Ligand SMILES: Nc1ncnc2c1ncn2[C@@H]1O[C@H](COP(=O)(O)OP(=O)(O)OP(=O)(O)O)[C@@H](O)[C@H]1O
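Here you get one chain, nothing else, as structure tokens; it is the form predicted alone.
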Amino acid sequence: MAKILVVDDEHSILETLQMFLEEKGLKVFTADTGARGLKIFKKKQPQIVILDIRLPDKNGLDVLKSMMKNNFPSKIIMITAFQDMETTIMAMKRGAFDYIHKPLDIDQVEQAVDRAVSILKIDKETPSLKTISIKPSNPLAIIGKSEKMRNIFKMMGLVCTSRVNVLLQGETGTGKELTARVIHMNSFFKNDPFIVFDCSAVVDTLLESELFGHEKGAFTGADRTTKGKIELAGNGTLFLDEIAQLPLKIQGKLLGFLQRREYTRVGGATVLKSSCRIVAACNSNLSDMVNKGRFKEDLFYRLKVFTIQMPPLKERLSDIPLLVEHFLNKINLELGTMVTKIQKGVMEQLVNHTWKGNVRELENTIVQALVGCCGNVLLRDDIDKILTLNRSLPVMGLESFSLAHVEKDHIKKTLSKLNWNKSQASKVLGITLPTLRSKIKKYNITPV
């Protein structure tokens, strides 16, 4: 039986929570001062603590700090009627498991306690947990052991030995830019620049200037000579992302450069040369665009000297566990989190999800889950919460979002959790008993 300590100077809160938590099968201890709370904490060593911020003899944050110094690991849930930003941030920085505002929402309390109990149980399931070691990660690591990824690694190895142009095709989020960087860093000209240019991020009128540069006075506002991306790339690599977005006029000038390896700046007459490698990427089918007359055929063949098709995540599901471990390690280092264990079932949950945003979406999901994660275990609930938030919300009537609808639902849930004890419910809700009775009548709330 898990032990829980409730420290609060409001005896009505102590009574309500004691009754509710004992019904959940927990061994409950209570204290109405910080000093008594610390004494019970050291003697009984509860796994969970519900601790008020404002106590008559001590600041709850100081009590939290003292409890966190104890070698006995406890999940400490802070509660307060004072909802200021600084206190909340300080509590979480000092190791609070959760932070709940008064008047207490019994559902929120139950969720926090259930979550703490789940983590305590999971911590005892060490053999069923996947443990992640935190170690320096390679920012240019492409993770994967699936057959498709092994074939891509071979192709990358072949193309690294020359300056041939490369076309990377694949859905958004499949790692095209990272692949281009790895190709560059493994080439014999890796010490030369790697320049990225997103063809979809610049207005058409500036594309030519951005790519090829311009001379002073070439157009209004051109107050100095400026190098373009091709010139900046020097003898290195120019990565052209979203190449399909280039207008036909610019496609023609880029084709001329690839044919002769010569170009001129906008408004200039001097012929410049460059031997940079072009790595182009797109998430659409360039061959189809050629057939529709939206992409120059000659340019297409110049770019696709060596083509790598990046597989979507759904075609390399066996790589998901490796990717998750990699992202956990990376995010722990970057954000200072310490999530080193994965609950059983999380991997299956991630493998079975449809990743429309591919690897990028998977990484973003792990980041979101870790930011909101309490403790050192990544839970199924952590992932499910993020996936649910990211799904498109179903169309609902406006009445579902009305204040009356929310209030009715909250009162109904609170009464249900407290077995329709109206006196206790009114205290938890922070309203008088007559007001509660009035609202029950108004909303026609009845026991289920």
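Remember, it's a predicted structure, so these values are computed and weren't measured experimentally. Numbers follow the displayed sequence, beginning with 1.
The following text describes the form predicted in complex with this ligand, which does not appear among the structures shown.
In the predicted bound form, this ligand sits within 4.5 Å of a heavy atom of Arg360. For the chain shown alone, Thr174 is a contact residue for this ligand in the predicted bound form, at least one non-hydrogen atom being within 4.5 angstroms. In the predicted bound form, this ligand sits within 4.5 Å of a heavy atom of Lys330. At a distance threshold of 4.5 angstroms between non-hydrogen atoms, Asp241 is in contact with this ligand in the predicted bound form. Only one listed stretch (106-114, 138-146, 335-343, 91-99) carries heavy atoms within 4.5 Å of this ligand in the predicted bound form, and that stretch is 138-146.
Proximity to this ligand in the predicted bound form, taken as a non-hydrogen atom within 4.5 angstroms, holds for one residue of Arg277, His184, Arg316, Lys75, which is Arg316.
A heavy atom within 4.5 Å of this ligand in the predicted bound form is found for one listed residue only; from Cys199, Ile122, Leu323, Ile195, this is Leu323. Although this ligand is not shown here, in the predicted bound form the stretch 259-285 places heavy atoms of just one residue, Asn283, within 4.5 Å of it.
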